[in-house]
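Just the one chain here, the form predicted alone, laid out as structure tokens.
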């Protein structure tokens, strides 16, 4: 159904007729329901430290629910900004990006991870929040640098093979990607981490598994401007990652179809196919940024994303 109805790059409205605000996000599938989390950018652009109008004040993390990936109900803002506390990570003047939610079987809690930062991107931390329900509200627990290392663009991933959680994040000035295992309660990280794609300057990681191997799609570091995606493969999340080519087929401009990766969702009814979720950023009007969802096909043994 998704290939028939979802038109990439167009406005996606919720059941109330309002544009979906879930940018840089991901999807949690649980109990026959899909929950789409992302940055709420329903505000006007404001000036960045550079003087450019390419950011907006933090509003919070939105959640939408669906049973078919087409009709989305607005569940509201599940993690809100803190306008009354200028020192808080979630104060409107700060940065909140790439929220992802996972379910922790050990605690039966829903755990939200996100990139939290200062407007000049020197804070470089992850923030963690927790809830008893997928629709929140989430209680913010604080932020930290995993293993005292910078963390900017990030994602969290739960390995379907053993239920272990992993944090993947751009570090070392975005030059190298770090991968570390989450603690059993999914609220912190273990001390060991893997350095991957050294000096390759990759960001926007999106993980999935297929045929016993682990795959990742990333983008280059060009700010809001799109660039060619790359795919990577390993035998284990903290194993040796090998970089492949651009997964996008027929993308003549080399811009990931004018978008940037954020998540890969398995299509349970079709084992070789996944949904590739990406954001088409409108830099100077971020509230109008669009979503590009396309089928990612593994039938050739390598990730292939074509425009439909």
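Here, rigid core means the biggest group of C-alpha atoms that superpose within 1.5 Å across both forms. Everything numeric here is computed off the predicted structure, so don't read it as measured data. Numbering follows the first chain given and starts at 1.
Below, we turn to the form predicted together with a small molecule, even though it does not appear here.
- Among 224, 140, 144, 201, the residue placing a heavy atom within 4.5 Å of the small molecule in the predicted bound form is 224.
- Proximity to the small molecule in the predicted bound form, taken as heavy atoms within 4.5 Å, picks out 97-105 from the listed stretches 158-166, 188-196, 84-92, 97-105.
- When contacts are defined as a non-hydrogen atom within 4.5 Å, none of 21, 75 and 291 contacts the small molecule in the predicted bound form.
- Interface residue remark: residue 260 is counted as part of the site for the small molecule in the predicted bound form, having a heavy atom within 4.5 Å.
- With a 4.5 Å cutoff on heavy atoms, residue 210 does not count as touching the small molecule in the predicted bound form; it lies far away.
- The small molecule is not shown here, and in the predicted bound form it never comes within 4.5 Å of any heavy atom of residue 267.
- For the chain shown alone, residue 53 is a contact residue for the small molecule in the predicted bound form, at least one non-hydrogen atom being within 4.5 angstroms.
- Once both forms are overlaid on the rigid core, the distance between the two CA positions of residue 51 between the shown form and the other one is 2 angstroms or more.
- A decrease of at least 3 Å in the separation of the C-alpha atoms of residue 118 and residue 52 is found in the predicted bound form, compared with the displayed form.
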